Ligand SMILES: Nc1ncnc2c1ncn2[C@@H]1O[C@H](COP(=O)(O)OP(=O)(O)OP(=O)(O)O)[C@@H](O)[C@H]1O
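Take a look at this single chain in structure tokens; it is the form predicted on its own.
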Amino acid sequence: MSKATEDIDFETDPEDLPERDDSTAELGAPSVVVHDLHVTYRVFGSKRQPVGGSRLKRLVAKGSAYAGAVTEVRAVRGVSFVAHHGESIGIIGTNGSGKSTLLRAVAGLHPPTQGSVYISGVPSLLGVNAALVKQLSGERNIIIGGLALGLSREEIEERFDDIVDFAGIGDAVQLPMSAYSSGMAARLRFAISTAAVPDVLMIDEALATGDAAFRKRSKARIEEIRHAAGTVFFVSHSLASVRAMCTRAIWLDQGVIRADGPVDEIADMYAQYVKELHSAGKDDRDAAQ
């Protein structure tokens, strides 16, 4: 399999997902404007390891070769788009295409190297605004996460049972987070992050560990946010999830927008592209044999 297609996952059985609600509300004013966005990382010590000679000589040479070496990685390159209140947008692409970097730049966690990001309202990146503290119980994390979202103690108490039920953790809410499985933690993080209706909600692979029932609850919650004039960005390797959760898709390829449009249209284009990559990878292996 080609390196570009490693770990691409069209998981999530389609029958496990609810039908998409195509009777969408009329879109509102722009909520996010991204203009000519570039995000460049500087990676230190990235020079290629020397080969040949004894192991000692290679280690010594390696140390001197890596010292001070800096490589620039252009993770996002000239991305521009406009999102509106009431949209649910899937961000798709192969590993290393810049999906998560784009999301974090929109959330204000990565300063742009070049370009601008304008947001109407407060962005909420799932798992950041509702960060979980492993040493504390689920109950304490709900309180802390709710306060971080701007809820009052009274509002948190009113929504507490709903958050626990939504996450499906039951009496484990009294246990420290360190005792939770990754799936339990992901479900609680999503439940906390959506306890208040955010202006812009960004979800990065957070639903992959949920079962079918949780995905359906998540889908319903996303619809509530969207119909309340919120904007949802959803990064996932699962095209089935993107089709069910989103009305629009942006396909990133090596940091550049390759296509942007209705979700089914873009998802079909991307699926064909991945199929061709898989075929090319198989042909390369056959030729090498």
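Computed from a predicted model, the values in this text were never measured in an experiment. A residue's number is simply how far along the shown sequence it sits, counting from 1.
This next part talks about the form predicted in complex with the ligand, which is not shown.
Of the residues Asn95, Ser120, Thr113, Ser80, just one reaches the ligand in the predicted bound form with a heavy atom at 4.5 Å or closer; this is Asn95. Here is the short version: of Val164, Ala75, Val200, Ile156, the single residue with a heavy atom within 4.5 Å of the ligand in the predicted bound form is Ala75.
Though the partner is left out of this view, Arg243 does not reach within 4.5 Å of the ligand in the predicted bound form, counting heavy atoms only.
Taking non-hydrogen atoms only, Val43 approaches the ligand to within 4.5 angstroms in the predicted bound form. For the chain shown alone, Ser137 is not a contact residue for the ligand in the predicted bound form, no non-hydrogen atom being within 4.5 angstroms. In the predicted bound form, Thr194 stays away from the ligand, with no heavy atom inside 4.5 Å. For the ligand in the predicted bound form, the listed stretch (184 to 192, 166 to 174, 213 to 221, 100 to 108) containing residues with heavy atoms inside 4.5 Å is 100 to 108.
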